[in-house]
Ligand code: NDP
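Taking the form predicted on its own, here's one chain by itself in structure tokens.
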């Protein structure tokens, strides 16, 4: 078959090429820069592709994204309108996300942040453990990762709710839909977990207006994109005492500027965009299987709607 052009923008190209060759040697996947006959390339596999990638291959029909978030492709002005965008569904990230959010939710549920403060003051003070059904977790975004997180967290006995733009039905989860129900969702949430895709509609959604609707003492965990958060609004609500704490994994500019106020804020925990990472063997299996299906005129899932951004 014609070559499929791989772009990762880093030295990890070799790892991906090795994995695709191991699982799907018949698919002829090559490093994008080594392809001579660029006119024959109809399919690509990408992560944050440059404009030069799309200029190099004018006959692309579709690109497969090596991750769940496709905002870097949608915001790229060089992507032709006719090129289909296909996302990874899970890619080995769901379990990692479940672990990440569970860790920090338990951190606040069991008052570990308070014990850390007490340790600095040489202060010995046990706190009463709450019943888990008194800890109200709210998940912003009930896509592949958000839905699996909701299912996972049910095992802790927390009061779980989720919000999404389209109606979802999840066992044991109270669901809210659309802008009209966002306020009610926020007002019942002690721990807000953001797993939304970054779209024009969700950019800046973690702002003063919305975060101030959370109950006094709520916490925010953002495992999605830095563009969801208005940094100054978060800091203001932490400094005023309305919010108890925040965990941030993604940022508008990465690596985070060493001078950024987040680094030294006593109520912010930072991680370097490591909540979940695509696993080579899982992603290669999903993408290779979908590419084979397309070439056989079979239907696939994961096709992005450019109007919604997901």
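Owing to the predicted nature of the structure, the values given are computational and were not obtained by experimental measurement. Residue numbers count along the first chain shown, from 1.
Omitted from view is the form predicted together with this ligand, to which the following refers.
Can you check 63-71, 49-57, 35-43, 260-268 and let me know which stretch has heavy atoms within 4.5 Å of this ligand in the predicted bound form?
-> Heavy-atom contact with the partner occurs in 63-71.
Is the gap between residue 168 and this ligand in the predicted bound form 4.5 Å or less for some heavy atom pair?
-> Within the cut-off, so yes.
Does at least one non-hydrogen atom of residue 7 fall within 4.5 angstroms of this ligand in the predicted bound form?
-> No, no contact at 4.5 Å.
So in the predicted bound form, does any heavy atom of residue 210 sit within 4.5 Å of this ligand?
-> Although this ligand is absent here, residue 210 would stay clear of it in the predicted bound form, with no heavy atoms inside 4.5 Å.
Can any non-hydrogen atom of residue 190 be found within 4.5 angstroms of this ligand in the predicted bound form?
-> Looking in the predicted bound form, residue contacts with this ligand do not include residue 190, since no heavy atom lies within 4.5 Å.
This ligand isn't shown here, but in the predicted bound form which of 220, 160, 142, 206 has a heavy atom within 4.5 Å of it?
-> Looking at the other structure, the residue within range turns out to be 142.
Have a look at 29, 275, 246, 284 for me and say which one sits with a heavy atom within 4.5 Å of this ligand in the predicted bound form.
-> Spelling it out, the residue with a heavy atom inside the cut-off is 275.
Neighbours of this ligand in the predicted bound form among 285-310 [non-hydrogen atom within 4.5 angstroms] = Contacts from 285-310: just 310.
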